[in-house]
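Only one chain comes next, encoded as structure tokens, the form predicted on its own.
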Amino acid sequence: MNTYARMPVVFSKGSGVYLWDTDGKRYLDMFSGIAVTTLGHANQSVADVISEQAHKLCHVSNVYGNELGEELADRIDTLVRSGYDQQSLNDPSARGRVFLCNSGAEANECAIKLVRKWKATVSEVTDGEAAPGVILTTEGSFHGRTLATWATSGKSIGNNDYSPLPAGFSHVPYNDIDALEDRMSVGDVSAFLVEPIQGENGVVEPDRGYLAAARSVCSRYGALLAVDEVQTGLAKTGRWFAFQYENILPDMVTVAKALGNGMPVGACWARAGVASAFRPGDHGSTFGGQPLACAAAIATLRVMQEIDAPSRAVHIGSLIDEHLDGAPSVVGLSGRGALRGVILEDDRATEVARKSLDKGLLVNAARPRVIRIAPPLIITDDELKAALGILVSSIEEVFK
């Protein structure tokens, strides 16, 4: 169906940070399939595991047990809680719970349903009424393309193409803690779903302390804090999760994209006390948590830990700053680590992306004035410098 405005190229193979099109031309990939192939294309370790698992067992359904799903859930739980309370990592009662699915949109759908089920459970205990409450998100946010996740997304404001959208969602300005507090004070909010960096909105980063303040506001008003780490999660910003810069622990965390290095897999993590609202039959997924996807995700996380992926992202970010800060027609840089926005002096990001493609470089025009880059964390310094050189030259030619 005519749902994608595709660039004029068709790729046939990839290796590491490179892609080749059907004519044999080679490209440096600084986009990673929308921040997905964090370990590069055709990563040998991950590919070997996928091949071995495909010859062993791909799918059995969630009617039966799955040891790989349990291992993946345990790894995700450990990473979410790492850096916040080291003592709790050894305390089984402090562990969260994980629902495995196939995409970021599904992870956020799970979060939405769990919020409502949790709110209904809490309401029944306190006053005998199951009031669903409102889920707050932010203007400019993006949480997926299902009807519910589109309704939560701030980018849906004013778009009536899919009306009527599911009710029960409201938006507040991003990076405005006073606006969040004012809306919370109304008293009907069950959760605040927020991105630590708005990727699809042009790699927009809030002020330091915003998430910590949001955590405090949510706790004060009895609302859940759900953090959408679908794009920011798994080391790209220099921490395993971007919320960890603020030394907080959310009630829910969603993740996907880089989790399988290209294999469709996502997850919704929740504190055990929240996750306990779900009962068998409340939610599910035919393919979610299947052995093939879980094997790929486990291998991906293992390699990320072996290369110390967060430190690699910090190093990559420093090189990006060094080569792009002050470059001609670049008026600013946003984001952290290896997830960055290159802010241009005029609305010519699409032209820059096209020019870069002609020169053998993949970048993305996230907004009219913003080029988004998310290089694989296995990129070498020389490869990164070459890619940044192509980007600078493309900007100069577009703005000459």
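When you see a residue number, it is the position in the sequence shown, counting from 1. Owing to the predicted nature of the structure, the values given are computational and were not obtained by experimental measurement.
Below, we refer to the form predicted in complex with a small molecule, which is not included among the displayed structures.
Contact with the small molecule in the predicted complex, judged as any non-hydrogen atom within 4.5 angstroms, is confined among 222 to 230, 295 to 303, 175 to 183, 68 to 76 to 222 to 230. Residues S103, N108 and E195 are all found to lie within 4.5 Å of the small molecule in the predicted complex, as judged by heavy atom distances.
Contact with the small molecule in the predicted complex, judged by any heavy atom within 4.5 Å, is made by just one of W240, F142, F99, F169: F142.
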